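Only one chain comes next, encoded as structure tokens, the form predicted alone.
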């Protein structure tokens, strides 16, 4: 474990009620994080929730607070863009373990970590391919899923702080299983992983802490209690019970 808690110091919280009712503090998960902080109990943490629930906002801010570029990339490099930090990332602070403090306080180029952000990953991969500290493979000749796995296997190989935002976006079922194996081994190696996901497959990583975010704010839960898992089960067991409300009857005999 490297990071034990994320929080906003009292002196940095917006003092004006009007500011506290502006995005992203209007998002229940962000509001709860601002008020109470977020504890990390396990080496691997998944944030699960619907679109707009705030999970990506939170992991992006965690990456920024640790010193990772919000556009994506590894720890220790200088920011590759002039974009300012997000409102939450500007305020968020991290409490670290002894090992985390040692790593963050060391030489910049020896810090270990990576932020994989699905929406910017493809363009970023081509920018840094072949540069020192990155991968040599030509990801432009690979499928998106193969490129993602190349990045993951190259950059997530030793203890560090790893943040991912919906990495399943480009991955098949089998590739997601390979990512589960990688994340599981990272957790056992002394690394820490925080991942926002829609994937029940990834969230099932053994030993992971699962945080469900939504209108209720933030709550820890078990994998089989996730609304996401329940919906996938219902759909896979009887897809027509959902599809008939969207495209009409799927029974050919009724067409």
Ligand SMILES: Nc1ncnc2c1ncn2[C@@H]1O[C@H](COP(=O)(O)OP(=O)(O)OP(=O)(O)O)[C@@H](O)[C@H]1O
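Positions refer to the first chain, counted from 1. What you see is a predicted model; the values in this text were computed from it and never measured.
Another form exists, predicted together with the ligand; not displayed. Remarks below refer to it.
Checking 36, 225, 198, 188 against the ligand in the model of the complex, a heavy atom within 4.5 Å turns up for just one residue: 198.
Residues of just one listed stretch (200 to 208, 215 to 223, 36 to 44, 49 to 57) have heavy atoms within 4.5 Å of the ligand in the model of the complex: 49 to 57. For the three residues 171, 173 and 230, a heavy atom within 4.5 Å of the ligand turns up in the model of the complex in no case. In the model of the complex, at least one heavy atom of residue 166 sits within 4.5 Å of the ligand.
Not displayed here, the ligand is kept clear of residue 65 by more than 4.5 Å at the level of heavy atoms in the model of the complex.
By the criterion of a heavy atom within 4.5 Å, residue 27 is counted among the residues contacting the ligand in the model of the complex.
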